[in-house]
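A lone chain, given as structure tokens: the form predicted on its own.
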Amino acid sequence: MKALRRHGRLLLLLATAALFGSSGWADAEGGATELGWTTRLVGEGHELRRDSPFAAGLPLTGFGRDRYRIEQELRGRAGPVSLLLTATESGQEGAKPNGRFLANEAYVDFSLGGQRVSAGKKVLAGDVGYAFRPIDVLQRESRMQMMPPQLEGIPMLSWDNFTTDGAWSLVIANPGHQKRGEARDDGSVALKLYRRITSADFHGVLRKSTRYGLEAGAATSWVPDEALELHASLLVQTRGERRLPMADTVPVAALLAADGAIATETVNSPRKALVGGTWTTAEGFSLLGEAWWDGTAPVATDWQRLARQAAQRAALLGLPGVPAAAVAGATAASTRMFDQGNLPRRGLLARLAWSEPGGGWSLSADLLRSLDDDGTTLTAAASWQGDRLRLDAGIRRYGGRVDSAYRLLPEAATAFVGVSLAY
């Protein structure tokens, strides 16, 4: 808790400085200073899968460990400057708590030669999908998370142009970077387009980076009447990447090498696509359906090979000359296969939700199904929103065919509760 108190005091100092030191900015831009503070508490309970083939390595991972997160969030704007700052204390079962202070967003909007420019750190997410967003090529937000923390923005410089029915932005992301550890940290140049025509929104993006070459995508959302919305998104890449388990032809000794348990493979000319729609009633009910294809996700045989190799490692336990620590380390390293956006290449999502008219209660049930290997994810959630207080709770279960990606997850279920108080 000491780390959280330190970060909280720092956020308070920043809020005070913004409140008393920004009147010149507000007067220069003709706008008022805006500040908002939110305290958020999230708790998660994780249930390990008793028959997991990765059991030997799970003590070296975070799977199955209950955890909590306490966030203090300051969101504000003073003239041309926008800030989103968070101080977080987090902990999980069997580990010491840790604190973190992060500037999620800190950017300035200004005019230069009659043109609008933004510079700093900013969240650059965007697309029309719910479960998957193919053309979200800058932020690369991981979807379908339960009570996720605030997104961290990307260092950028953008030239923006807005009209009554459209906009475009030329974005230099991570200036000075080349290829980094994660794709969102790579240096890149992107052109983002938006146009509204009658009842339809159209989005486009072109991005150039060292890792993926040229990426081109388009998306649309159309509202033919007040009850129905239809959307679609498509991305074409010069190159892509996907994670794979090692080949079956490697020597048995290689199964004990943690470094080679998971490899990254380059995919030539992959495609990503999504189609979906939402039907809404006046009583607050809505039904969403989506189907997608991700050309950089693993195929069913990749997950089957991962399970087979986990069983082979487990069979080595107890044999003369085979260190148990090596089996555990390599098995734990192989679970990195689950650390990617989409586990199935082809997926379906059905979401039934209800929101109380005028605010208050909201209920939802999501069924996500893999068309590659018949894996399933079922999520039920409820929330209540007051003037300043918000309550959330839910549970998610993973199942399906025994060798499917979702069924192979080392966890059988996760439950969560969240409390947010805005000041």
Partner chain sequence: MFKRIAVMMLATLGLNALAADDGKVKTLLKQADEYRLALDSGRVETEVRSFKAGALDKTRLYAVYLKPGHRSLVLFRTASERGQKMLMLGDDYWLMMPSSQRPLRITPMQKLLGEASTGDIATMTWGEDYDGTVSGEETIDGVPCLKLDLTGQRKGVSYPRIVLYLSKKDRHPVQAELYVASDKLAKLARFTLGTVEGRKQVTVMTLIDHLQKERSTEVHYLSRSDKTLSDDYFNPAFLVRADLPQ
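A quick note: this is a predicted structure, and the numbers were derived from the prediction, not measured. Positions refer to the first chain, counted from 1.
If you look for the form predicted together with the partner chain, you will not find it shown, but the lines that follow are about it.
Review point. Heavy atoms within 4.5 Å of the partner chain in the model of the complex: does Gln385 have any?
Key: Close contact exists here: in the model of the complex, Gln385 approaches the partner chain to within 4.5 Å, heavy atoms only.
Point to revise | Gln312, heavy atom within 4.5 angstroms of the partner chain in the model of the complex | key: No, no contact at 4.5 Å.
Exercise for review: Could you confirm whether Asp66 comes within 4.5 Å of the partner chain in the model of the complex, counting heavy atoms only?
Suggested key: No - in the model of the complex, heavy atoms of Asp66 and the partner chain never come within 4.5 Å of each other.
Exercise for review: Give a yes or no for Leu35: in the model of the complex, does one of its heavy atoms lie within 4.5 Å of a heavy atom belonging to the partner chain?
Suggested key: Taking the distances in the model of the complex, the answer for Leu35 is yes, it comes within 4.5 Å of the partner chain.
Exercise for review: Name the stretch: of 149-157, 92-100, 258-266, 342-350, exactly one has residues whose heavy atoms fall within 4.5 Å of the partner chain in the model of the complex.
Suggested key: Result for this chain: 149-157.
Check your understanding: Which residue among Glu71, Asp302, Asp201, Asp186 has a heavy atom within 4.5 angstroms of the partner chain in the model of the complex?
Key -> Flagged contact: Asp201.
Exercise for review: Assess the spot marked by Arg133, Leu228 and Gly360: is the partner chain within 4.5 Å of a heavy atom from every one of these residues in the model of the complex?
Suggested key: Checking in the model of the complex: Arg133, Leu228 and Gly360 are all within 4.5 Å of the partner chain.
Check your understanding: Which of the residues spanning 116-130 lie within 4.5 Å of the partner chain in the model of the complex, based on heavy atoms?
Key -> Those in contact are Arg116, Val117, Ser118, Lys122, Val123, Ala125, Gly126, Asp127, Val128, Gly129.
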